[in-house]
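Below you'll find only one chain, the form predicted on its own, shown as structure tokens.
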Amino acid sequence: MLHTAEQQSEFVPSFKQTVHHLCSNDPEHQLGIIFIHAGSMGRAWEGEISNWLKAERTISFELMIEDSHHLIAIMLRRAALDETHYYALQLKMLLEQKFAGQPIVCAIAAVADAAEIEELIEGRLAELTVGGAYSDIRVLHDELRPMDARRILVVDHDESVREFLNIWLTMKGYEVYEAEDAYSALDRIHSEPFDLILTELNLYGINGLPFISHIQKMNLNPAPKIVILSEQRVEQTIDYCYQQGVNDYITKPFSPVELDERLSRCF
């Protein structure tokens, strides 16, 4: 837990010094920051994180670990907030796979110069309580979305899939919303407009095919595009979905790059 001035006093100066050095050497670009509360697993997690980041050859990073407060700080050069969020999700998934049962709590931010780190450390981070029972990624400051962003509703029972899609699609400039089942999705569609519905077929409550039929019977104007992203690979099911007017059908596992291209085609 990091939430008192005394606890911050040892870690903050060296961290701010590192951030100042990185920003000074590259003043025109943002620095993405990921904090991970590692508990007693700090050194083991540090090795896994470092190896993963080194394998991603496009990432330039610095890594710090502070044992007494169980914090790992990762600084990503030239990374905006959405990209930092994406890498935080990847690291969270990696650690969840390697260390099953351990909650992974992250906090992320992006700063444009060293001065911003003062508010980040002494403001929002000071209020952050980490080390809870559930995995989480927390954004330490607000992210601005484009005013004309396309609105996408992601419908999937798998929380990790929704989280990944939310981060990836937000990175690509979409405004993303989530629903875990068809009932909650229909409630949202009734009350607010969406440009595209990205849905699994295997849903709780109402299955995917009746769910699509419900959307089409709403006579929405304009009608949202409908794209299936599903584990189902049965050719007859895929053909039936196209017959019902869906715009595209993508099977899992999927390539995020291909997903982005196929959503772009829909618009």
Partner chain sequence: MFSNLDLAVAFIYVCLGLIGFGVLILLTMKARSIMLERKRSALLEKHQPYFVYLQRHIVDPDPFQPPKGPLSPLETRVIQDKLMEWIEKFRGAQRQKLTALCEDMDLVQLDRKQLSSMFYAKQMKAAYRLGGMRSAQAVEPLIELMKQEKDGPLLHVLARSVAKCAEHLDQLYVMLQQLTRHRKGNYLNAAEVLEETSLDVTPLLLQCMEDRDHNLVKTALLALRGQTGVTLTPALLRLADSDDKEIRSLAVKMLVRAGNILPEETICSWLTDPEGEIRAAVAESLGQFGYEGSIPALKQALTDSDWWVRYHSAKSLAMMGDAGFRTLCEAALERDDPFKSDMAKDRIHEELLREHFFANRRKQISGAHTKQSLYEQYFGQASSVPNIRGIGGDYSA
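The term rigid core refers to the maximal set of C-alpha atoms that superpose within 1.5 Å between the two forms. Residue numbers count along the first chain shown, from 1. Everything numeric here is computed off the predicted structure, so don't read it as measured data.
A second form of this protein, the form predicted in complex with the partner chain, is not displayed here; the remarks below concern that form.
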- Task: Work out which of Val154, Ile167, Leu95, Leu76 lies within 4.5 Å of the partner chain in the model of the complex, going by heavy atoms.
- Result: Ile167
- Task: Could you spot which one of Val105, Ile197, Ala179, Leu81 gets a heavy atom to within 4.5 Å of the partner chain in the model of the complex?
- Result: Leu81
- Is there any non-hydrogen atom of Tyr86 lying within 4.5 Å of the partner chain in the model of the complex? yes
- Do Val161 and the partner chain come within 4.5 Å of each other in the model of the complex, heavy atoms counted? yes
- Message: At 4.5 Å between heavy atoms, is Val139 in contact with the partner chain in the model of the complex?
- Response: yes
- Message: When the contact criterion is heavy atoms within 4.5 Å, does Glu56 count as touching the partner chain in the model of the complex?
- Response: yes
- Query: Across 239-267, which residues bring a heavy atom to within 4.5 Å of the partner chain in the model of the complex?
  - Reply: Pro253, Phe254, Ser255, Pro256, Val257, Glu258
- Message: Using a rigid core superposition, assess whether Leu209 undergoes a CA shift of 2 Å or more between the shown form and the other one.
- Response: no
- Message: Aligning on the core only, does the CA of Trp52 end up 2 angstroms or more away between the shown form and the other one?
- Response: yes
- Message: With a threshold of 2 Å on the C-alpha, tell me if Leu91 counts as moved between the shown form and the other one once the core is superposed.
- Response: yes
